[in-house]
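The chain below stands alone and is given in structure tokens; this is the form predicted on its own.
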């Protein structure tokens, strides 16, 4: 396996720049997930690592070797795509060994690699089947097996679970993570699904319009997002954002007619002025009226079993017509639309962002 280094990489199509100076060092054996919405540049970045897209400027190095001008087949990487891309007329064994046979490896070497990959992916009983005889999850495992037998320096995954149903996505997510532990492989994984990203990654690269907005461990990014964009993308349901004004001493925020929140000192560097307060739904609780920080009128309730999502309108200057707020409450909660709820905010978990630039200020 190998380190992968991305050094100040740019990508342009004519006059349109789509990747803006991304620099990340991916350590040997690390599982890094590139996450972001459609069109943010995550797949383009992965394809440049694979050699499927030319680099406009900057360098990509694999195991210390700059590979900008190296053909994809010579980069010692293996890629798993969203589309399984299996040959329908070939058996599982033939699909998995096709690349090895092109490289003219000995029959014994091919057989040894096939057996090992089949055992890891639990495909031993399926080696004589054709793709049409397999389920979606089995086909995806065959595609991963085709990558494993190559024994590459790095694995690249381009949204490999997008074609699977929700239950199978969870199962395959666990299998890919288990596979990573068993192989100790350097893995770079692209997804738009932030739940996949949070649960699978050692580190995340959060992309925004071609920029690596934040790089870090999933829980570090969840606890301390560098911008309102990252805060709104990482976490489900998304963070609530409220326009506010920070007091001059940085100890409280005024929510523009909806009340005031003490900050327990975590806004001391804000320096006063207009800002955006971010509060995650899980950091809001229903409380007794005398302890309430805010009041909302429930507009919609989504019971999920393990927890309940309540959507409500903040009281605004005494009327229930303020900004929308989402609250995540544990377990089954009997709340009806139209009900008035007193809320308590975890004051150590209030995030402040610059109102114009969106950057973190506390």
Partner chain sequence: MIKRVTFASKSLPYLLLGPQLLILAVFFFWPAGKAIYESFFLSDPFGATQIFVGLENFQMLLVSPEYYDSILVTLVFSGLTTLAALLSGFVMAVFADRAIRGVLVFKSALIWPYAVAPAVAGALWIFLFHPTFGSVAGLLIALGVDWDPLLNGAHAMTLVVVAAAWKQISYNFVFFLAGLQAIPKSLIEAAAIDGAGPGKRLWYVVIPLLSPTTFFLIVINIVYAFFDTFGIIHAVTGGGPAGATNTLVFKVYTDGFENQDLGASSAQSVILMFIVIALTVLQFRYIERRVSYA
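What we label the rigid core is the largest C-alpha set whose atoms superpose within 1.5 Å from one form to the other. Nothing here was measured: the structure is a model prediction, and the numbers come from that model. Residue numbers count along the first chain shown, from 1.
As for the form predicted in complex with its partner chain, it is not shown, yet the points below apply to it.
Using a 4.5 angstroms threshold between heavy atoms, residue 181 stays clear of its partner chain in the model of the complex. Interface residue remark: residue 108 is not counted as part of the site for its partner chain in the model of the complex, having no heavy atom within 4.5 Å.
Residue contact with its partner chain in the model of the complex: residue 50 places a heavy atom within 4.5 Å of it. In the model of the complex, its partner chain sits beyond 4.5 Å of every heavy atom of residue 283.
Comment: 71-79 is the region of 283-291, 160-168, 193-201, 71-79 lying near its partner chain in the model of the complex, near meaning a non-hydrogen atom within 4.5 Å. Not one of 16, 24 and 54 comes within 4.5 Å of its partner chain in the model of the complex, counting any heavy atom. The partner is absent here, but in the model of the complex a heavy atom of 150, alone among 150, 173, 129, 251, sits within 4.5 Å of its partner chain. Note on contacts: among 135, 122, 83, 236, the single residue with a heavy atom within 4.5 Å of its partner chain in the model of the complex is 83. The Cα shift for residue 89 between this form and the one not shown, taken after rigid core superposition, is 2 angstroms or larger.
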